[in-house]
Each structure stands twice: as structure tokens, then as C-alpha cells.
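Next up: just one chain, as C-alpha cells, the form predicted alone.
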């Protein structure tokens, strides 16, 4: 989850904050970060555009092993990024500080870098476009006031729980509790002036299991707005199941068959698709969907929207990485390609309005990307979808996605493991599989979308997909 221009956990619009003595945050409309950003933007020279992004935050992580504290770390961080544009030339510089003297030097470096840039007529800062932001509840004082001993208790409770769920689990690695909070601001000569804040907490573990000389590693992870919402039982159960479900797995016989992707893996696939719909890939002609706007590119069962305004998700945001108000962007509507995603630069390149789809960190320039992907759910539980498959594969994990997916041609050939489905029931575990198709065929061959919609730790919302006629190579 995260802001699209500050630290990934820290955002909030319309007010600014100081820490009170009791560990909670009070609103203060004279925040020093906005003042610093204002003073830097005020130094713009004639014909010069300046954008300043500043961020401050604190994070804490507790790691435990064998019911002992392995480490407890807390870190404060500050950073700034400054973009300067003049006559189509762009200069950028960043720093790990919000000290005024350092920021002034960073502005000077951005101006110096500008001298070496090639002019580009489309280099301009984003301008407010009149779209109102949707306020989001991304802050909890509970994160700030949650005591260290309670953080340790949660981490130890997770380790204890996962070790007790199955005798084959012998240890739990990387068991941790983490939280963070902070705030960011953006001010520009183009009229952008916003401040955001956010907080969150998480737990995770990687249990190691052994059986008949074979070892397996599972994982479980969850993210919440505040510590009182943390669900140790859910994370432990997911981690334990993944640690033992593939014991005895062998290569399957090769063939063509349906695959079932639970929400986590369904969104992995659709995340790849969203990258192919980003304006920068479209402008460069490096997307297999570049010239197919308005055409059917998927099963009519699939509707996919990039919608950071969904307040139910921990990934909800008010502004994109250039300070434009977030808005829903329907990408695929009942199988038809409805929209590409654009930041200000790529929108100007093709002569359209930006879709508020800029993503960035404080120390990087904006790029184009999906912010919060949401599938429209269908019908049926996972069990019901499995019951409808005579022979197929319930995928447990993919591997080699970076090397096995060609984002230009759409070719898809990746490693996988999972559980075979026979006569509508789960059968033996399998591994060392190569699943092959193309992104285009995978989308067109969706034959069912489940009703088991869930918000994932990433913030995205997904349901199970059933995809037919996938090549499965084993023995």
C-alpha cells in the first residue's frame, strides 16, 4: 500500500502534524515541511518551473526467533526531491535530509543537472485539473502510541502459533512485527500544494517444515491500519498451510489443461497486464495492446479498474505522484480495453488528459503505473470453482516471472508448482512445472471469475480466476 510520491506508508491531504507528548498527532496548519517547500518554490527564476517533494517518517521492526528477540530497530528518515524545468530541459536532484541548507544545495544541483539535459517540449509540471480528491482514512494514532513490549508480544505470538499448527514445522524464520508512520508534502510553481500522512503495521513469518528428509518453506504476511486489527491466527494459518502443502510433490505429466489462480496469483497476472497498459510502454510501441483501444482483449467476465479512491483498501490514496487527485480508471470493462494510464508527460506526448497515474518516490522522477488494481468479482467459492474442473492445476506459486514474461510480445513461460485437480477434487501436489501461453490468450481464456473477492496485503483487490487451455510441461 502507499502514497504515490512520499514514503510508501505516509500520506494524508489537507492538514499537517506535530507529535504531542502522549505520542499522538495534532493538526497544525503551519507545518514546517510545507514552509520549507514554499520557500524553495519561491526561488523560481523567470521561465523556470520548480517542484519540491519532502518526506519525514519513522519505522520500527521487531524480529524474534525461538521466543527470543533477534533484533529491534527503529529508524527516522527524511528526504527531499526537487525537479526543475526550463525551456524543456529537466534537472532533478535528491537528498536524505530536510535541513534547509541541504535543500538549497539540492535545488542548486537540480539546476546544474538541467544544463546537461536534452530539451523536450513535453517536459512540464502537472497542473491542477479541477478533479476533487477523495478523503481517505489512512492514519491511526494507535500506531504511534503502541508500546514496544506489545510489538514484541505480537511477533512472539505469531511464532508460537505457527509452530503449534503442524508437527512438521520445525522453525519460523523472519518472524516479525513492523510499523511506520510519517508525512509528506508537495509544492510546485504550477499550483500544486498538498500534504499527506499515513501509518500502518504488519506481521509476517516464514515457517520451515521437514518430512521424510524433505524441507519446505511457507510464508504468511498481513498489513493493517492499526495494531488492534492484527490477525495473528489468520497469518499463522496461511503460513503453516503453505509450508506443508507440497510435501511429496513430483513432476506431472505434460498436457494442456485449465489452471486456477487464487486471488493472490490472479493479481500477479493482472499486475503484469496493467504494466502493458501504462502510457510510457504504449507511447514507445512496446505493449501488445498499444493499438487495441476499444477492442476485446479479454473474456467478457473480466473487469479491471485502477481505483485508488477505494477507501476499503489500505492502498487507497488521495493524490498521484504529481499531486493530481486520484480517480477511478476502468482499464478493462467486460473484456474490452477501455483506457491506458498516463502521467502528465506521456499524456502530453499523445495529446490526451492525464489519468493521475504518476507513481514515484521522493528520490525519483515520476513514472506511469497502476496504483490500486481492483477486479470485479464473479460468483462461486474456490471450492465450487475446483468442483467444476475435471482435470487441471491449482497453482500455488509462479517463479521466473521477470525473465519468463515478454512485456512486448506477451509471451508467457514461467515456473510453477501447485496441486492437481482430478474429477473436481484436489489431488496430488506437483512441482518443477513450466506453464506456457501468452498474456493475450490467458486473458481471452478466462472461463470463470470467483466470488471470493479479497483485499490483498498489497492493497489490490482480487478474486479467483479459472483459465483454460494452458500448456503444462512436466514429464
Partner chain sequence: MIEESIVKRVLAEAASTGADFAEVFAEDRRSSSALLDDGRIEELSSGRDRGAGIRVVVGESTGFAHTSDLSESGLLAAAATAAAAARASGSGQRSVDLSDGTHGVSNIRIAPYEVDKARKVELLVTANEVARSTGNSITQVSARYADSRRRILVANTDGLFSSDDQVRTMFSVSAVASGDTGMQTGRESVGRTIGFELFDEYDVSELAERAAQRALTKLAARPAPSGEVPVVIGPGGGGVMFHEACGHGLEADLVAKGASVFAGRLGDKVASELVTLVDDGTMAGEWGQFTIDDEGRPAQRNVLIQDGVLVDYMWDGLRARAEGRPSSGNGRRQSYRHLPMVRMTNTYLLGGTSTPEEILENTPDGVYIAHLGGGQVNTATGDFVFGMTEAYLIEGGRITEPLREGNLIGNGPAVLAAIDAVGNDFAMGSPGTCGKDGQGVPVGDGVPTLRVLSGLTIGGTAA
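These figures come from a predicted structure and were not determined experimentally. Numbering follows the first chain given and starts at 1.
What follows is about the form predicted in complex with its partner chain, which we do not show.
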Is every one of 39, 45 and 265 within 4.5 Å of its partner chain in the model of the complex, counting heavy atoms? no
Hey, in the model of the complex, is residue 444 touching its partner chain, heavy atoms inside 4.5 Å? no
So in the model of the complex, is its partner chain close enough to residue 388 to count as touching (4.5 Å, heavy atoms)? no
Consider residue 93 of the chain shown here, and say whether it contacts its partner chain in the model of the complex, taking contact as heavy atoms within 4.5 Å. yes
Taking its partner chain as it sits in the model of the complex, is residue 433 in contact with it (heavy atom to heavy atom, 4.5 Å or less)? yes
Of these, 145, 399, 229, 311, which has a heavy atom no more than 4.5 Å from its partner chain in the model of the complex? 399
Quick one: of 301, 217, 237, 293, which gets a non-hydrogen atom within 4.5 angstroms of its partner chain in the model of the complex? 217
In the model of the complex, which of 46-54, 419-427, 63-71, 444-452 comes within 4.5 Å of its partner chain (heavy atoms)? 63-71
Within 4.5 Å of its partner chain in the model of the complex, which residues of 455-475 have a heavy atom? Give them in sequence order, or say none. 471, 473, 474, 475
